[in-house]
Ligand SMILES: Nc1ncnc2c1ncn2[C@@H]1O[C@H](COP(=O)(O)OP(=O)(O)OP(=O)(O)O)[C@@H](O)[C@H]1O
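In structure tokens, one chain follows: the form predicted on its own.
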């Protein structure tokens, strides 16, 4: 069943001779439970696309549908709720709050909404992230890979339907990169979350179910992988 669809997305920046067409008629759909990677050269439109899919930025024209509903037909307040609850965005820079512990950073999105975090769910997330015993540590006491796992936990705490990850392993070494990708595979399988991952690494992309290649703001290729869940 389709969960996410982009229709003829167009996004430009600048004016006149300085105009950059970041997206130029992007159309594709993603099924519920898919793990999809988006690859392309620097400046090809990958991050712009992720921001629009997540409701962070609006297209100049075109539509984004989540569960059949037009994302940008929402009011400003409804769009804010959509960003908090239905999608989770993970960036290359984890943006953890340095004065907050691991537990506080993970639980922050729920607490900002005034919701009590269900303890069993929190403990399940902590276990899957392999962060047991580190709950009271501050971010600067963690490795880069551990910090990124905290950022992933912060995304999971609101139980979003779709996770959008923008180069989440860009600052990690090979060992920690593979750990994060294995974690995404696990989240995809066991938490049954749809994941859209931006990466410049073809080896990472080949571990997902499907690869979209974007160049000059257009989807040039859309191909399934072989054994993406291996």
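Positions refer to the first chain, counted from 1. As the structure is a computational prediction, the values presented were derived from the model and not from experiment.
Below, we turn to the form predicted in complex with the ligand, even though it does not appear here.
Novice: Pick the stretch from 36 to 44, 169 to 177, 64 to 72, 189 to 197 whose residues have a heavy atom within 4.5 Å of the ligand in the predicted bound form.
Specialist: Stretch 36 to 44 is the one.
Novice: Of the residues 86, 101, 146, 92, which one places a heavy atom within 4.5 Å of the ligand in the predicted bound form?
Specialist: That would be 92.
Novice: I'd like to know whether residue 212 contacts the ligand in the predicted bound form, with contact meaning heavy atoms within 4.5 angstroms.
Specialist: So residue 212 does not count as contacting the ligand.
Novice: Does residue 22 make contact with the ligand in the predicted bound form, using a 4.5 Å heavy atom cut-off?
Specialist: It does: once the ligand is placed as it appears in the predicted bound form, residue 22 has a heavy atom within 4.5 Å of it.
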